[in-house]
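Take a look at this single chain, the form predicted on its own, given in C-alpha cells.
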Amino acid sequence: METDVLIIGAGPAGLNSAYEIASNGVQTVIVDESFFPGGQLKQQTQYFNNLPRQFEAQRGITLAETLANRLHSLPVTMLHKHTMIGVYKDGSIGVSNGESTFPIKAKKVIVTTGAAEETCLFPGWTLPGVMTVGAAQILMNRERVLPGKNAIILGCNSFSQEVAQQLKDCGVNILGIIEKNTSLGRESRERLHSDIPLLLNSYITRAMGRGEVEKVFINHNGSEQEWRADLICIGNGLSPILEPFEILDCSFTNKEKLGGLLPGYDSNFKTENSSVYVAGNAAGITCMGGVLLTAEIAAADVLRHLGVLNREDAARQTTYLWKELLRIETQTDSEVFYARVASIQEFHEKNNIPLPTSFHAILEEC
C-alpha cells in the first residue's frame, strides 16, 4: 500500500489526527490491533469535561463514537486487526494481520499507540482476583461482569479513582484506596470521593486465599492490618508504549511526570526520525483533552510538510493549539505541562534546533 499519512493506533489521538489530516483531502491509513476504533475509550463511562473547545462534555464511550463517525466520509482507510511489526529497508512499515505481512509506504507516520498500565508485585499478586484497574473497567463496562464484591484499590491517581467510583456505582464495596505516598497533590485531593476511604503511607504486604484472593495484609503507618477482600485493583499508573519508536529508530528521554521513558520530540511532536510524529499518551501521560490536542498539533505540522498548509497558517494554528494545551493541562495537572515543555526545550537544544517564535509565546505565558 501507499498513502500520504500512516497512523499507528486508532485510539482518541489516532482518530483525531486522522480527522484533521483527512478533512484536508490527504489520504490516510490507520492501523490498529482491535476490531473497532476508539482504544480504551470504548469502555470508559466517565464524563470528560476538560476537552478542546470543539467538543462538548461527554462520556468516553460517546466520545469514541464521535471521533470514529467523523471519518466515514473522508479519505481514510481503517485496517482493523492489523499490527505494525517492523520496518523494511526502504523505510516502508511492515504490517501484519496475523496471516500475511505487507509493506505500507507513507510520507509521514504518526504513532499514537497510547500507554500500558504498570503493575505492582507483592506475594500473592498472581492469584485470581488481582487485576489492573483497566482490566476491572473492561469487565464492568464491556463484558458486564462484576469483578468482585469487596475491593481494595492499590494506588491513588485519576484513573484509579474513576474506576473505584464506577465499581462502587455498580454495587462493589470499596474497602479503601491504598497509597504509598504520605500526601497527595492538589488535583488528587480534589478528585477524592468522600465516601471511599483513603489510607496514605500504606502498601500491600501480601494477598492470600485458596485459589483466589480471600484476605489481604496491609501495612498502614508501619502497622499491619488484615482485610477480607476478593478483589485487588492495581492502579500503579501508565507508561507510554515504546516498541514502535524503537523500531523506527527514535531517541528517548526520561520524564517521570510524563510516565517515565518516552520518545523525544520537538514543539510539533516530531521525533528525531523526521518522518515520524508522536501524539497522545505515547507522548507523555496526560488528560483526554491533552491527548486530543497533541494529535492536532502533530497533524498541523504534517499538513505543513505535505504542502497543504502554508507556514503562516500552520504557525497560527499551532499557536492556538498550544494555548489550548496550556489551558487544559494546567487545569488538570500543571506538572505534566511543565514537564512536557522542559522535555521539548531539551530536545531542541540537543539537536540544535531553534525554538519557533510561536513556542516562545507559550514559554512567556508559562
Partner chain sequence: MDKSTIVCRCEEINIDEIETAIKMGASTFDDIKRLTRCGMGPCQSKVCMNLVRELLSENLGKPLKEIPPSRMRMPLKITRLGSLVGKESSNNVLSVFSESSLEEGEQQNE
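Residue numbers count along the first chain shown, from 1. Since the structure is predicted, the reported quantities are computational estimates derived from the model, not experimental observations.
Beyond the structure shown, there is the form predicted in complex with the partner chain, which is absent from this document and is the topic of what follows.
Trainee: Since the chain is shown here on its own, which stretch among 91-99, 279-287, 216-224, 265-273 would lie within 4.5 Å of the partner chain in the predicted bound form, judged by heavy atoms?
Mentor: Looking at the partner contacts, the answer comes out as 91-99.
Trainee: Using a 4.5 Å cut on heavy atoms, which of Ile174, Leu71, Leu242, Ala106 is close to the partner chain in the predicted bound form?
Mentor: So the residue touching the partner chain in the predicted bound form, by this definition, is Leu242.
Trainee: Among Leu261, Leu184, Met208, Leu79, which has any heavy atom within 4.5 Å of the partner chain in the predicted bound form?
Mentor: The residue from Leu261, Leu184, Met208, Leu79 that makes the contact is Leu261.
Trainee: Check for me whether the partner chain, as it appears in the predicted bound form, comes within 4.5 angstroms of all of Glu33, Phe122 and Thr126 - heavy atoms only.
Mentor: Looking in the predicted bound form, the three residues Glu33, Phe122 and Thr126 all sit within 4.5 Å of the partner chain (heavy atoms).
Trainee: Does any heavy atom of Thr83 come within 4.5 Å of a heavy atom of the partner chain in the predicted bound form?
Mentor: Result yes; Thr83 sits at the interface with the partner chain in the predicted bound form.
Trainee: Hey, in the predicted bound form, does Leu200 get a heavy atom within 4.5 angstroms of the partner chain?
Mentor: Judged by the heavy-atom cut-off of 4.5 Å, Leu200 is well away from the partner chain in the predicted bound form.
Trainee: Can you tell me whether Val87 touches the partner chain? I mean in the predicted bound form, with a 4.5 angstroms heavy atom cut-off.
Mentor: Val87 belongs to the contact set for the partner chain.
Trainee: Find out whether any non-hydrogen atom of Ile247 is located within 4.5 angstroms of the partner chain in the predicted bound form, and reply yes or no.
Mentor: Yes.
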